[in-house]
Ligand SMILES: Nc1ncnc2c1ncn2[C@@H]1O[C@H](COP(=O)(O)OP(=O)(O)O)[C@@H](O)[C@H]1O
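So this first bit is one chain, no partners, the form predicted on its own, shown in structure tokens.
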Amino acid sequence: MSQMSRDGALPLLRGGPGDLLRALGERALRLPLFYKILIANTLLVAAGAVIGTTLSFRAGHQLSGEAYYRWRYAYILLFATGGTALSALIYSLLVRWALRPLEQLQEAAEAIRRGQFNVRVPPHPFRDAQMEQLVETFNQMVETIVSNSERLHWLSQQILQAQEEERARIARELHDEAAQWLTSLLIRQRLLLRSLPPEMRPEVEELQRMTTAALEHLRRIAMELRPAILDDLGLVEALRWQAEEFQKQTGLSLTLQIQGRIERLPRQVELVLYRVAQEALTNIARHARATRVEITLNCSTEHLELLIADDGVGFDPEAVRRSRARSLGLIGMAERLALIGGTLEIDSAPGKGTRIRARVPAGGPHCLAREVWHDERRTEDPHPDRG
């Protein structure tokens, strides 16, 4: 209901004709979309009827009865064709004008589907109250998604940091406590062996071998949990150690190539790339049935790229992502890389092998001259003179 002012006049009638037209125009723009289209269609049909009737009336008066009777079909066809084309043009412009807010919503939703969460639907002068509420709800929904995503990103970072700290603590305790106990046990066995008669020594020697194997296994677990070489010497040396251990455990041929003499990288970058390589090699050993593995670490002025490739049986990445149990390793690699602004690309197909590419925005001063390291027992450097 329209409210009256104190002097008894309606607000629309208090101003002059210009104010009245402006107010009516603003109210018309705020009408719901259905009424906008209905009014536009009604005005268009009415205008077409008036214009068509006027033209027909004038044509009938300007032409004689015989001429009008002779050309009546041509006039009907001309008026029908012209009127239909003009009506379609005007109607399409009006509908596009009325539906522009919906197009903006669709464009924003498509951009968000592509991962562009900085997109918002701007205000539109022809938006009605219902459309304004829809746009406001959409923008609030995007803000909530962004806020939740940032929160999940922070939580993932805290979880991974706590995981690495726990791994480091367990590795330190294994090295400082359990390994020391086994070392002391091994020394006592050696002392005992000297004092035993010859007929009792074989059993103690067997205990020595078992203790030595347990000690080596314990040290390997501690190194896998948190390799000290990564903290002391950096990513390149840690990858070399990892490649050697992989070959010892699996017997597979592995080639490690370092492109660019890479100096010490930020600690988080080194740790993430090392974990990606560790997970990839673990998957190869368990599932790939490969005969050759290649690891390439390439450093450029813009990014640092780690590539792990094998000639194994391959897999369907989309099918693995749909399987929660099988996709945990890939999800973990992608989440670790996302924490440092990196990306993970997986190129694989059944029977085609697998290529895992991890790329992080690190490089520049960390990259110097080219250096190539390879497994001398299994491959030969095709460029032995290259430094």
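One rule holds for the numbers: they count along the sequence shown, beginning at 1. The shown structure was predicted, so the numbers you read here are calculated from the model rather than taken from an experiment.
The form predicted in complex with this ligand exists for this protein as well; it is not shown, and the discussion that follows is about that form.
Residues with any non-hydrogen atom within 4.5 angstroms of this ligand in the predicted complex fall in just one of 217-225, 163-171, 310-318, 269-277: 310-318. By the criterion of a heavy atom within 4.5 Å, Ile262 is excluded from the residues contacting this ligand in the predicted complex. With a 4.5 Å cutoff on heavy atoms, Ile284 counts as touching this ligand in the predicted complex.
Shown alone here, Leu254 lies farther than 4.5 Å from this ligand in the predicted complex, counting heavy atoms only.
Shown alone here, Pro361 lies farther than 4.5 Å from this ligand in the predicted complex, counting heavy atoms only.
Of the residues Ala47, Leu330, Leu339, Ile39, just one reaches this ligand in the predicted complex with a heavy atom at 4.5 Å or closer; this is Leu330. Distance criterion of 4.5 Å from any heavy atom to this ligand in the predicted complex singles out Ala288 from the list Ala288, Val142, Ile258, Leu230.
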